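To begin, one chain is listed below as structure tokens, in the form predicted on its own.
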Amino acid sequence: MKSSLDVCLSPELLHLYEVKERTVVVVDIFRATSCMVTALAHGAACIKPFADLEECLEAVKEGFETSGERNGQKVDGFDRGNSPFEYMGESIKGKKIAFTTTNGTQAIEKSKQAKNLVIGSFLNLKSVSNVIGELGDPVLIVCAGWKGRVNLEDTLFAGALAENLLDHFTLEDDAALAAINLYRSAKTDMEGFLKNSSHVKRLARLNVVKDISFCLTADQYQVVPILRSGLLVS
């Protein structure tokens, strides 16, 4: 018998879904989960996600570097912002990263009761698909969205992951079906499909361009971040 697969299009809808007995995949394509995957792929020791900015700052006392953003911009005084290009190279190896963002870490916080909590992005799409298939538990894909609102890029990822898992899981809701159909419409040119989306426009106003293309590139990394004792590890 196949396990079920659901898509939650916004963390504001999460109360409608059962979380505890599921593997939850949290996704924030632009750009939190893309950064997390990149950091661990480039040798970061671990990532500690925080919904609260002040709690993130306190993690410095435990040897963590501070990273993340509010409203798309790096927080004053933080070591790193929210571009995946800040999480590459020798400077990230072995580092413990305290991470807080406007949407992604909020979605993680709301999903912490999951049986397993996995971080997804296009950058590790195939690897996440493989791990989810191996675990075999019912799956809930949680889209971080933007301040409670649905966004296109996270929905596209939900559709891509759901499509990969169709042979092993049963779609339980129309959100999953809608996400798959949206992805199928966009997959040959996702960047073009998203050019008028709210988050792309928001990043453009911040002169963030190269992150968009990179975050939409499939299967750059094999790492699959999973939450263990409050820490995201490979």
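All values reported here derive from a predicted model rather than from experimental measurement. Quick note: we count residues from 1 along the sequence shown, nothing fancier.
Note that the form predicted in complex with another copy of the chain isn't included here; everything after this is about it.
- With the partner omitted from this view, the residue of V118, A98, L152, L161 that lies near another copy of the chain in the predicted complex is L152 [heavy atom within 4.5 Å].
- Within 4.5 Å of some heavy atom of another copy of the chain in the predicted complex lies at least one heavy atom of S10.
- Contact annotation for Y17: at least one heavy atom lies within 4.5 Å of another copy of the chain in the predicted complex.
- Although the partner is absent here, L177 sits close enough that one of its heavy atoms falls within 4.5 Å of another copy of the chain in the predicted complex.
- Although the partner is absent here, L182 sits close enough that one of its heavy atoms falls within 4.5 Å of another copy of the chain in the predicted complex.
- With another copy of the chain left out of view, the stretch that reaches within 4.5 Å of it through heavy atoms in the predicted complex is, among 61-69, 46-54, 194-202, 31-39, 194-202.
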